[in-house]
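Quick setup: the structure tokens below cover two forms of a single protein chain, split into structure 1 and structure 2.
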Structure 1
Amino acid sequence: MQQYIIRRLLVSIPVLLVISMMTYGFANLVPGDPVSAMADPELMTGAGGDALRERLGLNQPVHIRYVIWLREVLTGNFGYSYHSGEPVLKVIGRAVLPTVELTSVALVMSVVLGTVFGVVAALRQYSLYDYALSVAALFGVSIPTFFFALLALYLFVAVWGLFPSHGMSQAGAEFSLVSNLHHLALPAVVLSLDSMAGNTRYARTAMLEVMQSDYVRTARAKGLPEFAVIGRHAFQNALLPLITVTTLRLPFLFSGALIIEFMFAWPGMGRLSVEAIYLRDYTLLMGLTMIITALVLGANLLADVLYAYADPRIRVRG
């Protein structure tokens, strides 16, 4: 196992390198640079800025800047944002926590509820439950998130006044967990709907498949009570593909949910990333990509290790 982890870590080095090169390359292919992004977005005034370009080192060719950036990163210096002048790590650090708070709650909610709905739909295939859940799930995948968010804002905030309209806590007040959770509820639920629908379908498919497999048939034949058959044999096995699907969603955990962040004014990585692209804040953009990638690689590795412990067959194979 240890060897496996070490090998995986070694393999991730070229992955990180290629990702950094691609991001740097693409970001620089987009016309404009940090200085041309400094103009007021409503205006189109602002010629000049060559002095500033020189000062920021933007007059160097792309590959040289990349090498400089890489060298600095290897010494642990992620640089400063071109716009706020703050250290990149500080900017990112500020956005990571709110992002993970929002996305992890949404992810857990979508996985747990999606699984339950899917399993029930499978157990009662072609029943009213099955159809109702399937149709609901399909509506879930088919409506754009921004529209759901608007609908939620309208009903829960404007009409019923149950939740605050924006932010992650009361601005200017002491941070309080209750206020934070109160702000969190609506965006997290709306965010979870999207992937919950997909999970429901995956869980249903997996469960249907498992229910027809030999070992479930065997378990039934052994005369085990139905509860044990479904609970122990079927459900546990149906869970595995769902875990795989969930690990595929790990990038989302750290990269944030732009549209939800935008609609509910949640301060997260999604908005930060888009700002970084629009403002051509190369250092921030690179920092974001690297941090997100590293986190995802780590999370994937962790998931695989856990998976190995969870799945008896993989364990046997060693």
Structure 2
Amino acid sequence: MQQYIIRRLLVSIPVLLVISMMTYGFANLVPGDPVSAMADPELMTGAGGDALRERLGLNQPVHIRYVIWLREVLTGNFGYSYHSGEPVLKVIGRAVLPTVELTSVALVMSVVLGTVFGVVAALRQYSLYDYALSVAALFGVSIPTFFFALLALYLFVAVWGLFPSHGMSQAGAEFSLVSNLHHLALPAVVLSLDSMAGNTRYARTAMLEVMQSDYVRTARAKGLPEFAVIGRHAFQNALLPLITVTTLRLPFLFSGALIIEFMFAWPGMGRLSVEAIYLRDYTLLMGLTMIITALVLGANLLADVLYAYADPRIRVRG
């Protein structure tokens, strides 16, 4: 297993390299640059703008700038933000914890509730609950996340006033766990809806398939309690597709957080990505891209490792 993990990590290096090249190239194809995105019009045109571009190194060809950026990254230096002048890792570090908080809560909600809903629907197949949950899950995977966010902002904030509309805590007040959870509840629920609906559908399908297996019928014939049959024999063997869905949806939670964080003014990596794109902050955008790419590759590796623990029949061979 250790050799397999090391091999997968080595394969990830060229993948990261190719993605960094593509991202850097596409970012520089967008009209404008960090200087033209600055607020002071005196720096955008004329000699002042040219001098600033030369000082920032933006007057060099794209491939030269990429090689310089890559060389610095290999030494652990992700550069400085063109907009704020702060180190990129410092800027991203302030946004990591809010994003981790939001996505972790959304992930737990989607996995736990989605799995429970799907298992119960499978055990009560063709019941009113099964039909209602199937329709709700279909709506959940079909409707875009931003629509749920707009609906939640309108109903729970504008009409009923049950939740705050933005931020992590009350403005101007000291940090409070109760206030933080109050601000977190609505965006976390909205972010989890798509994954929860997908987990519900996969859990229902996996359980229905497993419940028809010979070993489940044998366990019932031996007189085992229904709880033991479902929990120990059926659900354990239905975990493999759920592990795949959960781990591969982890990066999509971060991409969905981009929209949710922007709409709820949540100070995380998603909102920071939008600001980096708007300000054409190449170095900050590249740092965020590398982190998201590493999360995607890590999620794939995590799925393979969890397979071996969920099913002893799966073994990684050299």
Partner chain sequence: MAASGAAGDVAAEVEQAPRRGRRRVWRRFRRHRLALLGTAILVVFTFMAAFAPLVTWHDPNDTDIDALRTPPSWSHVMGTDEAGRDQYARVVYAGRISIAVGLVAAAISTIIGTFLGIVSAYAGGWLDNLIQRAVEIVMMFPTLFALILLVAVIGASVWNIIFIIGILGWPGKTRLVRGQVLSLKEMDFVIGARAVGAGHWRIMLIHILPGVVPYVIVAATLTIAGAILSEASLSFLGLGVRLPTATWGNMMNAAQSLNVLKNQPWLWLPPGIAISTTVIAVNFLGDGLRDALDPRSTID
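Predicted model, so just to flag it, every value in this text is computed and none were measured. Start at 1 and count along the sequence of structure 1; that gives the residue numbers used here. The term rigid core refers to the most C-alpha atoms you can superpose between the two forms while keeping them within 1.5 Å.
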Properly assigned, the form predicted on its own goes with structure 2
Taking the rigid core as the superposition reference, indicate whether the CA of residue 127 shifts 2 angstroms or more between the two structures.
no
Aligned on the rigid core, do the two forms place the Cα of residue 300 2 Å or more apart, comparing between the two structures?
yes
Rigid-core frame, C-alpha of residue 87, shift of 2 angstroms or more between the two structures:
no
Could you state, for a rigid core superposition, the Cα shift of residue 160 between the two structures in Å?
4.8
